[in-house]
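In structure tokens, one chain follows: the form predicted alone.
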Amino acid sequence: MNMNDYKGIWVIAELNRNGELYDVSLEALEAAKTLNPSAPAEITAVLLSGTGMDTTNAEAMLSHAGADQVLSLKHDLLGQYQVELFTKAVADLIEERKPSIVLMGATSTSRDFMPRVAARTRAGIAPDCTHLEINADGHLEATRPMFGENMLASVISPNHRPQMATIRGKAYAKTALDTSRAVNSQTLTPALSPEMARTKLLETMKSETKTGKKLEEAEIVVSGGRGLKGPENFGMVESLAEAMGAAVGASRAVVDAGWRPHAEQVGQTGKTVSPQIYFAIGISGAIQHQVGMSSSKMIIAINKDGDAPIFEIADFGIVGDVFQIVPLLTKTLKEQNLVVTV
């Protein structure tokens, strides 16, 4: 491998079903812009979408956010996410064009297919990173929490290219848009066939939430645990979240009990969130849950057990009955028309 052949920074941008960019994609683009500002590398954004999807607005937004060019991979088989097809499309393009660094937001999709891309291209990958920089030797140095957020690891890949990392949501601010930047977009058709997919998509079910907030991107998250005693009481969490414009989360115990869908699970085997404010209601705060939320800017815990582990990391703690405190808090917010700003 001649590492001098590998140049530039790529950001794999993720679209929702409406063709809109996830915030974490713009945050990953901001991370790319911070690398080596004295000698900035060319930044390329890569989009994957179905042939009929209109990605004009997404391409413009990526250009306005700092991408020097946008490579739009379009194919009938990319209209719905399938891991083998996404892996092949991105891996083939990497091997053809040889970027030095490849970044993507840390989402359920990137956790699934980016390690496969790394394996296919014989590259190293650092997942769920909170900071990136170019070190003195010119290598990408990625910082990521490990061992239940109790230690920070610095990860480098000095002998292989590309260097790959996924960026934890909210680790970087969403980049500002400069609408004066020209849109430089190129549409490509990857070589894909149905036989390459080992799975077949049978049905897509949309997860609806009362607040309409996506858990990973929310500035405020209200999560409930087993202290709520039953699924019928989770309405308290939803009401408080609605009053604050927050997303609803849940502990693994709640999800395992069937009270809430897995899409709301926060923790080691669920989603990692980094909101400005995180409410832990009736959650004891085992290390597996802390892994998914301890990077929140402010943690507010409500639990009747004063010795619960959640209080060890909480910025504010209330020892008391959630069935009295939470409805009172929600009532006060609504009656006084209080707006929570972050």
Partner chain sequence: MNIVVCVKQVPDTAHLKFDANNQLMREGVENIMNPFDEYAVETAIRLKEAHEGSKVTVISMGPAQAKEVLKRAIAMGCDDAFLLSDDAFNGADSWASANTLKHAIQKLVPDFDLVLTGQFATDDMSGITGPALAEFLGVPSVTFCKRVDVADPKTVQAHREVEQGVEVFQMALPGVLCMMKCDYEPRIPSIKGVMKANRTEIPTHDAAAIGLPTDQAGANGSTTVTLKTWRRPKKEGGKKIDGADPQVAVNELIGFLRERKVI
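Rigid core here is just the name for the largest C-alpha set that superposes within 1.5 Å across the two forms. Positions refer to the first chain, counted from 1. Everything quoted here is computed from the prediction, not taken from an experiment.
Form predicted in complex with the partner chain: not shown, discussed below.
Among 187, 184, 233, 143, which has at least one heavy atom within 4.5 Å of the partner chain in the predicted complex?
Contact check passes for 143.
Between the options 87, 72, 239, 100, which residue brings a heavy atom to within 4.5 Å of the partner chain in the predicted complex?
None of the other options qualify; the answer is 87.
In the predicted complex, does every one of 3, 61 and 170 come within 4.5 Å of the partner chain, counting any heavy atom?
Not one of the three qualifies.
Quick check for you: of 42 to 50, 25 to 33, 62 to 70, 309 to 317, which stretch puts a non-hydrogen atom within 4.5 Å of the partner chain in the predicted complex?
Of the options given, it is 309 to 317.
The partner chain contact in the predicted complex: residue 151, any heavy atom under 4.5 Å:
Judged by the heavy-atom cut-off of 4.5 Å, residue 151 is in contact with the partner chain in the predicted complex.
Are any of the heavy atoms in residue 179 no more than 4.5 Å from a heavy atom of the partner chain in the predicted complex?
Judged by the heavy-atom cut-off of 4.5 Å, residue 179 is well away from the partner chain in the predicted complex.
How about residue 227 - does it come within 4.5 Å of the partner chain in the predicted complex, if we only consider non-hydrogen atoms?
Judged by the heavy-atom cut-off of 4.5 Å, residue 227 is well away from the partner chain in the predicted complex.
Any of the heavy atoms of residue 191 lying within 4.5 Å of the partner chain in the predicted complex?
Although the partner chain is absent here, residue 191 would stay clear of it in the predicted complex, with no heavy atoms inside 4.5 Å.
Need the contact residues for 98 to 112: heavy atom within 4.5 Å of the partner chain in the predicted complex, sequence order, or none if there are none.
Read in sequence order, the residues that approach the partner chain (within 4.5 Å, in the predicted complex) are 107, 108, 109, 111, 112.
How about residue 305 - superposed on the rigid core, does its CA move between the shown form and the other one by 2 Å or more?
True for residue 305: a C-alpha shift of 2 Å or more.
Indicate whether residue 125 shows a C-alpha shift of 2 Å or more between the shown form and the other one, with the rigid core used for the fit.
Comparing forms between the shown form and the other one, the residue 125 CA shifts below 2 Å.
Core superposition between the shown form and the other one, C-alpha change of residue 220 at least 2 Å
No, shifts by less than 2 Å.
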